[in-house]
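To begin, one chain is listed below as structure tokens, in the form predicted alone.
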Amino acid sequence: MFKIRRNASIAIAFFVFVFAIGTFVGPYNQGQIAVALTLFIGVLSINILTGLSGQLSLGQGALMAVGGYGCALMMINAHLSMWLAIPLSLIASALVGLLLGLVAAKLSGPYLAGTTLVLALAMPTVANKFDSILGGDTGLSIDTGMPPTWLSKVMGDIAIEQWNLYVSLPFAALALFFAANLFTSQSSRRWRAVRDHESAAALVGINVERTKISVFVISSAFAGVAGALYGLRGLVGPSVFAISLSLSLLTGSILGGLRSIAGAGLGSVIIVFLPDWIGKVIHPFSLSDQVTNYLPAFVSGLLLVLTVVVNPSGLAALFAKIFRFSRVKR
């Protein structure tokens, strides 16, 4: 019970902190924070799946697409509110995760990674095959709409970027709360046992297949919420949930730290803000457009290699070590 109250306090503090920041920055930065909050949930889904259970997915963007399309179809065809469509998209993604988990339970390593990658690559084909429902290459147009009148009366004029932030923030805080409880739960200890040594886990009575399936379902639920929020920026389509999205999520997870919640937060911030940081650094120099356009991808790739070689635990673990060292030194 103490852990639940502590995790709830952390989630509330996170909500208040981000809300305060979002109130004082401009629309452009508000839009960036909204995207970072959405990707935070997506990176969390990878940290749960890979960090806790050791199952590698290269197609997490496809699971986000399930949530995005599910949310769009419910809002367009069933005329549901986004506040109802987003939780229902979680269920849709969890069901797809269950089917994928049944396959994943039989696979491991590169075979599992390859299977999830094929799923992500197949998404445009599926969208085109059912273009009358999914909109084909064009996709489906949805958005968060206008903020409610009562909120505008309290907050004053609210830009669409600020409203997107306010929509994403509650779900990010809830994701943080549930992830914090998962990372300290008895289930997570079983997941880590399977991650570290499947045979040893089976010998102590852990059902390895059931464990893998349950992790996939939970991870897919997180991805579904992230996908619904990601689509609510304006469009749900193959171009939005491209394979590059899956690779960006995995990159953010590794850079921040695969096995921590703080790592998911740091990774999502890096994914969103790195291009702007690089732009500010190179602004005084006269570089060609070809260099400036590809420099963020090059830097993120370089950081990824350095992280894997020098600090595999990610930035979150590095900051924790520095903090502990500074305390001991005092």
Partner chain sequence: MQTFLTALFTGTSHGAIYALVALGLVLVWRGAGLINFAQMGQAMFSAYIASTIINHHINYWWAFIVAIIAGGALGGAIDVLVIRPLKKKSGSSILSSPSMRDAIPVIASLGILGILQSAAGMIWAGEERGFPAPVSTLGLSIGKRAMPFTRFDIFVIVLIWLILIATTLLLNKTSVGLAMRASALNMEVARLSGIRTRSIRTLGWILSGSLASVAGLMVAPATNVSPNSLDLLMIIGFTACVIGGLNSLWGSVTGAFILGLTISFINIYDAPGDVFLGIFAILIAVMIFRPSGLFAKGKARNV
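Positions refer to the first chain, counted from 1. The structure presented is a predicted model; accordingly, all values stated were derived computationally and were not measured.
Although not depicted, the form predicted together with the partner chain is the subject of the following passage.
Participant: Just one of 73-81, 193-201, 134-142, 170-178 has residues with a heavy atom within 4.5 Å of the partner chain in the predicted complex, so point it out.
Facilitator: Result of the contact check: 193-201.
Participant: The partner chain is absent from this chain, but in the predicted complex, do L56, A122 and L258 each have a non-hydrogen atom within 4.5 Å of it?
Facilitator: Every residue of the candidate spot has a heavy atom within 4.5 Å of the partner chain in the predicted complex.
Participant: Pick from Y294, W277, F285, Y28: which has a non-hydrogen atom within 4.5 Å of the partner chain in the predicted complex?
Facilitator: By the 4.5 Å criterion, the partner-contacting residue is Y294.
Participant: By the heavy atom within 4.5 Å rule, which residue out of V310, I21, I12, I322 makes contact with the partner chain in the predicted complex?
Facilitator: Checking each option against the partner chain in the predicted complex, the one that comes within 4.5 Å is V310.
Participant: Hey, in the predicted complex, is W150 touching the partner chain, heavy atoms inside 4.5 Å?
Facilitator: The answer is no: W150 has no heavy atom within 4.5 Å of the partner chain.
Participant: Taking the partner chain as it sits in the predicted complex, is R210 near enough to touch it, meaning that at least one heavy atom pair lies within 4.5 angstroms?
Facilitator: Looking in the predicted complex, residue contacts with the partner chain do not include R210, since no heavy atom lies within 4.5 Å.
Participant: Taking heavy atoms and a 4.5 Å cut-off, does A242 contact the partner chain in the predicted complex?
Facilitator: No, A242 sits far enough from the partner chain in the predicted complex that none of its heavy atoms falls within 4.5 Å.
Participant: Just checking whether P110 would be counted as a contact of the partner chain in the predicted complex - the rule being heavy atoms within 4.5 angstroms.
Facilitator: Residue-level check for P110: yes, a contact with the partner chain.
Participant: Which residues within 115-141 place at least one heavy atom within 4.5 Å of the partner chain in the predicted complex?
Facilitator: In sequence order, T115, L117, V118, L119, L121, A122, T125, V126, K129 come within 4.5 Å of the partner.
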